[in-house]
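Just the one chain here, the form predicted alone, laid out as structure tokens.
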Amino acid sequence: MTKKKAKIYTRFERLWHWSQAILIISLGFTGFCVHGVYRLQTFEEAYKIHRLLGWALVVLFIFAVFWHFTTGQWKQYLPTRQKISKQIRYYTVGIFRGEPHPYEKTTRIKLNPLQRITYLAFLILIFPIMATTGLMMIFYDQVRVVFPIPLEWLAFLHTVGAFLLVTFFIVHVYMTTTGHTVFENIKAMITGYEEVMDDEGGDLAVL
């Protein structure tokens, strides 16, 4: 395979990515304000904005799920054990020694094995926890009739999800800096173009 500059991120993917990033950062800001970590807004103001941002993220997530399944891009997140030990070693040791990246992104396969696991965890674990507990708290009067779980438990689970989300965000930001240059991945998510291996005939589900 040869390298070429190709468009690997569609307009929707880039819009989804940056909209999601803005919403998650804003949700974190208002959420910790609701918890009283700092008081730059009143509780009522922070809570109102937090709810609106939460609904916006849910709507965005629904559109993203629809897009991924209709385009077949959901296969990008299928986990694989191939090269995963090499990828872990690269992120923890190799990158600091100037060793070559064990995985080359292609025109068909955008995520390395560890990225697949990380993003899949967000899609099937972190986001569902946040969305479910958030909605259950919003409609708590109706929920407790059929599912009598204490509001404090829901708030605790929502907070746990929030810290998992913060962890995911930190890991994600770190991963963006591990390309051939520090800003290569960020630039690609802005322009859509990146220099990658030519693999038009490859299978999305296989590394």
Partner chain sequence: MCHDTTGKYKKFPAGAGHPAYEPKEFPPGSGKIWEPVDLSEIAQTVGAASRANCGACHFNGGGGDGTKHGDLDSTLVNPPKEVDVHMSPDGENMVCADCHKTEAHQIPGSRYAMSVKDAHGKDLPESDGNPTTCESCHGLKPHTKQKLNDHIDTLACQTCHIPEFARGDKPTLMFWDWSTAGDKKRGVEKDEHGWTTYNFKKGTEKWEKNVTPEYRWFNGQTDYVAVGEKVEPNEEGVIVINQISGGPDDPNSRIYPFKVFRGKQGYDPETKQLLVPHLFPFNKEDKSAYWKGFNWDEAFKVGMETAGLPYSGKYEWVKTEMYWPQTHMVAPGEQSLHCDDCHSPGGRLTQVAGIYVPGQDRFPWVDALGWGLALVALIGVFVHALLRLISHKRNAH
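Positions refer to the first chain, counted from 1. All values reported here derive from a predicted model rather than from experimental measurement.
Keep in mind the form predicted together with the partner chain is missing from the figure; the text below concerns it.
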Legend entry - Partner-contacting position among V166, V58, I49, V143 - heavy atom within 4.5 Å of the partner chain in the predicted bound form: V166
Inset, instruction - Find out whether any non-hydrogen atom of L123 is located within 4.5 angstroms of the partner chain in the predicted bound form, and reply yes or no. - result: no
Inset, instruction - Please check if F43 has a heavy atom lying within 4.5 Å of any heavy atom of the partner chain in the predicted bound form. - result: yes
Inset, instruction - Tell me, yes or no, whether Y91 is in contact with the partner chain in the predicted bound form, where a contact means a heavy atom of each within 4.5 Å. - result: yes
Inset, instruction - Tell me, yes or no, whether W67 is in contact with the partner chain in the predicted bound form, where a contact means a heavy atom of each within 4.5 Å. - result: no
Inset, instruction - Report yes if all three of R39, M137 and E152 come within 4.5 Å of the partner chain in the predicted bound form by some heavy atom, otherwise no. - result: yes
Inset, instruction - Within 4.5 Å of the partner chain in the predicted bound form, which residues of 88 to 103 have a heavy atom? Give them in sequence order, or say none. - result: Y91, I95, F96, R97, G98
